[in-house]
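Encoded as structure tokens, the following chain is the form predicted alone, with no partner shown.
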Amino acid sequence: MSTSSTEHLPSYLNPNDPGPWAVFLEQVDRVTPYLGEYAQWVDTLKHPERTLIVNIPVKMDDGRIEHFEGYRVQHNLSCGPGKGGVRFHQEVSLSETMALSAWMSIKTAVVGIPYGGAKGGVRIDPRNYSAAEMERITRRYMEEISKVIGVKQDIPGPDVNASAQTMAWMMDSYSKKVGEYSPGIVTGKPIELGGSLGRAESTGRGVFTIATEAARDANIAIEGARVCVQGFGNVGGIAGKLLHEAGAKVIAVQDHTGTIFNADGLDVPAVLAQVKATGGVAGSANCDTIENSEFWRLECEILIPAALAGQIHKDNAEHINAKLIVEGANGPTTPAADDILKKRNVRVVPDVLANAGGVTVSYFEWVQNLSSFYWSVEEVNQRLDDIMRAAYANLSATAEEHQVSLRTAAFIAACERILKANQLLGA
């Protein structure tokens, strides 16, 4: 981490272990030389506009009172209301939430939708709590953050361990608090409560769309292309399914239960059925089980990391045998790994573009809620494809102009848009 980044660490983060926020700061430092007149405003990006830490006291099923720590961070609202999911996970931290909110600022700017970046989370392992307890925790969290959110201020959505049901609880709690039906306060809701058709598949569909665009530029034919996917849920599973249907061969899938491999191509529908039935890919038929470390060494045309952050790092980047990496997860590649992959001419499509399908269709959902007019799934998918392809074309042109990676191009385009908005607002 650079000295300038250290200087911009908030006092409440540990300077010896600043976490994911330090990665974002390093990314901003790397792009600053390309920002021209907007570089003078760059420190704006290194300070979240608002950081809220809340205590969540909740009565458990057995009568005990437990306390949980929750966060809502609004990184930058110059381009519109805050947008970002809420995750429930035992490793949620303030640093992670800050970084994710900042990446949301970049992501929404990359695809050109009128949002700023925000993120929320509660530090909890949901596996240890009943559905009734999780509902009470969710509702109390929503009550605590209601002071800083609003339909045109900050709109939460689902993230890790948060479902359409979670969003329904949050919407109901907020609506009761403000005294009016407010479907636009969250996205990712059930269809029956104003959710958008196509939302559940949107992130994976966006990854697929970007993979096809990037493959064309890399002279990779999708028909017969070998694909490896880490994570096979709503993102990796949908992307893998669509690539399989387009004629690609998904040869390996890795998740928390292990890594499966078939050089001739996995039976993707069967693997998806296995995941639905058991929660993981382990035990899938007609495939071999290989060591998790071998996953990163497999020769393939397209690699899709769609699980957790930091999965591609300096210790495995040297061994990756993919021609193209399309990031379905948030922050799966460390800056050090980025440098290694660039030297090895491995093309990386960054998360802030590749997985932006989710927030794009969340925007569609919000627009439909505001207008009380709803679109068909065909309309949603077509609008999504149009936005994703246009964003990719724009980043490719920026990368070519500056002779930089697509990640750097994404940060150039996004930072310029955000900082120009800041400048125009006089903020």
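Keep in mind the model is a prediction, meaning the values are calculated, not measured. Think of the rigid core as the biggest set of C-alphas that the two forms share within 1.5 Å after superposition. Sequential numbering from 1, following the sequence displayed.
Only in words, not in the display: the form predicted together with nicotinamide-adenine-dinucleotide, which the text now covers.
Close approach of residue 72 to nicotinamide-adenine-dinucleotide in the predicted complex, 4.5 Å, heavy atom: Residue 72: no contact with nicotinamide-adenine-dinucleotide in the predicted complex.
nicotinamide-adenine-dinucleotide contact at residue 307 in the predicted complex, heavy atom, 4.5 Å: Judged by the heavy-atom cut-off of 4.5 Å, residue 307 is in contact with nicotinamide-adenine-dinucleotide in the predicted complex.
Any non-hydrogen atom of residue 231 within 4.5 angstroms of nicotinamide-adenine-dinucleotide in the predicted complex: Residue-level check for residue 231: yes, a contact with nicotinamide-adenine-dinucleotide.
Residue contact check: residue 255 to nicotinamide-adenine-dinucleotide in the predicted complex, 4.5 Å heavy atom: Close contact exists here: in the predicted complex, residue 255 approaches nicotinamide-adenine-dinucleotide to within 4.5 Å, heavy atoms only.
Partner-proximal stretch of 264-272, 324-332, 168-176, 239-247 relative to nicotinamide-adenine-dinucleotide in the predicted complex, 4.5 angstroms, heavy atom: Partner-contacting stretch among the options: 324-332.
Listed residue (102, 210, 155, 235) with a non-hydrogen atom within 4.5 angstroms of nicotinamide-adenine-dinucleotide in the predicted complex: If I apply the 4.5 Å criterion carefully, the residue I get is 235.
Listed residue (355, 196, 284, 138) with a non-hydrogen atom within 4.5 angstroms of nicotinamide-adenine-dinucleotide in the predicted complex: When nicotinamide-adenine-dinucleotide is considered in the predicted complex, the option within 4.5 Å is 355.
Core fit, then residue 275 C-alpha moves 2 Å or more between the shown form and the other one: Yes, because once the rigid core is superposed, the C-alpha of residue 275 moves 2 Å or more between the shown form and the other one.
Rigid core fit then residue 308 CA moved by 2 Å or more between the shown form and the other one: Indeed, residue 308 is displaced by 2 Å or more.
Core-superposed C-alpha of residue 138 shifting 2 Å or more between the shown form and the other one: After core superposition, the C-alpha of residue 138 moves less than 2 Å between the shown form and the other one.
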